[in-house]
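There is one chain below, alone, in structure tokens, taken in the form predicted on its own.
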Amino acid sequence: MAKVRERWGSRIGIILAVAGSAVGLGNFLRFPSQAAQNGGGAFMIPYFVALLLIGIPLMWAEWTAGRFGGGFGHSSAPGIFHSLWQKNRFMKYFGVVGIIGPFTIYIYYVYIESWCLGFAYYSLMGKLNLASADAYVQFLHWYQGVGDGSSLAGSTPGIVFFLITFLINIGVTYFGIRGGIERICNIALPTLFIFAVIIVVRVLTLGAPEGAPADQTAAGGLGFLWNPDLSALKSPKVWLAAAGQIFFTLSVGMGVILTYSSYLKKTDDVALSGLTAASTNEFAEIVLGGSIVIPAAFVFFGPMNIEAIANSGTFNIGFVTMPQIFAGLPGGFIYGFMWFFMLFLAGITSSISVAQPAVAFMEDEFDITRQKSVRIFGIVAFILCQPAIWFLNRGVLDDLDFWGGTFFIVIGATLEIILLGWVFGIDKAWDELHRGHRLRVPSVFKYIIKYVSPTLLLAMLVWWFYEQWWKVITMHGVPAENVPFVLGIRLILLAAIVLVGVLVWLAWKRRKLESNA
């Protein structure tokens, strides 16, 4: 008897799930930092250019390809790529990047996500009301288990909250698309937005501190963030940073949207649903994310220190700067709890999405039950999460973030857009995009998907290989004492790529034997 495929329970369910995948820590931490570092309001010019020419086209391409591949019983990149080019027996192997990429993100992202849960607890307990910036840095290092000269990182509280977070992730994934992922996203996304709006309102009503200039207000902070320094547009770095943020924020190129949209029916809309999910993410990032960190820091620390704060890194902004700010507010422990729990909700809706491609691959290609697939995934993922925990101070997390959060994404996105626009054919793709549509996509995007997006993506790859690949391969700039750890994690990733490639080969061999039986 044919296996019954899972389906989303409602249209709003798939929209919230995809939006949940996109709305993550980067919306509230990485985006304001990137904008402040790269010309303020000028950053938004290449940001919107990248959104229109790369982000939105890729989003529609993935929704279209995913729903199409789902019609052939595939919910992961190898099968979806194969369905788009069935005559090419090698195409499915390119889909390996759509499993390895999100899995790589998973094995470090869950640990960072657990910090948010831990800090939410400590904030609620009133334990983040510390005396100085150095005290907050020391608290973060204590929680991470770094900074004491030990060769290993990790701490008892950090491990406890990691285990809780990991079990929640696995539990949600275990209950499936409708019973797990859709259900938690229907709760988490509205809660996240409520908390974010409360914090934004509190930040925007902050006045100048006693003795500070009258313009040291939240409005002044917004001005710092959004007033454009147009000279910054001359720097290629700003344009590449904007494009990188678009990849990071929309979850394109990861294989997640491919998987999520594969559970749609053939006549379910993808044009309007995709745009709605992307717009929800952009609202969270630009309106909410842009109205919390930098304006609040501007009020509390003044314009002279704001650039240093923006450059201090994502973790320092989230786990050092913001707790300091909340500690200076009446009832600050409540705002601190909402901040960290909001980040935790944003994190978990993202992490469950990057788990799904690997689980779906086992379900579809080897006919393993979902529950068994999740158990296998959980065991492997738990083991491979350990390097990011214990070797945090050895550069392992940063290296995983580069491969999973940057390199694999750009490779996957380039493959997807070329495959859909050129191999599958832009005319067929355009018809497929509009099957059951509730929105007619402007025809200019037909040419953007075929010509502009692939050209820009290939240019980014060529630039990276020309400027960076040798430095990355040779671990240029990696401290000598960290080289064995970074090399070790790269060998693990290489072994994982080979293993998934072998599993793809076995899956199609199995299909061939079954079809000949």
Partner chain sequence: MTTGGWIFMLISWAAIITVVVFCYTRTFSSNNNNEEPDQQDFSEPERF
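Model, not experiment: these values are computed from the prediction. Residue numbers count along the first chain shown, from 1.
One more form of this protein should be noted, the form predicted together with its partner chain, which is absent from this view; the next part is about it.
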Notebook entry, point to check: Hey, in the predicted complex, does residue 488 get a heavy atom within 4.5 angstroms of its partner chain?
Noted result: no
Check: Given that the partner is absent here, does residue 434 sit within 4.5 Å of its partner chain in the predicted complex, heavy atoms only?
Finding: no
Note to self: Does any part of residue 426 reach within 4.5 Å of its partner chain in the predicted complex? Heavy atoms only, please.
What the structure shows: no
Note to self: Please tell me whether any heavy atom belonging to residue 16 falls inside 4.5 Å of a heavy atom of its partner chain, as the geometry stands in the predicted complex.
What the structure shows: yes
Next item on the list: Sort through 45, 53, 478, 460 and report the residue having a heavy atom within 4.5 Å of its partner chain in the predicted complex.
Entry: 45
Check: Quick one: of 386, 371, 279, 231, which gets a non-hydrogen atom within 4.5 angstroms of its partner chain in the predicted complex?
Finding: 279
Next item on the list: From the candidate stretches 98 to 106, 243 to 251, 327 to 335, 217 to 225, select the single one in contact with its partner chain in the predicted complex, where contact means a heavy atom within 4.5 Å.
Entry: 217 to 225
Notebook entry, point to check: If you look in the predicted complex, which residues in 56 to 84 sit within 4.5 Å of its partner chain (heavy atoms)?
Noted result: 67, 68, 70, 71, 72, 74, 79, 82, 83
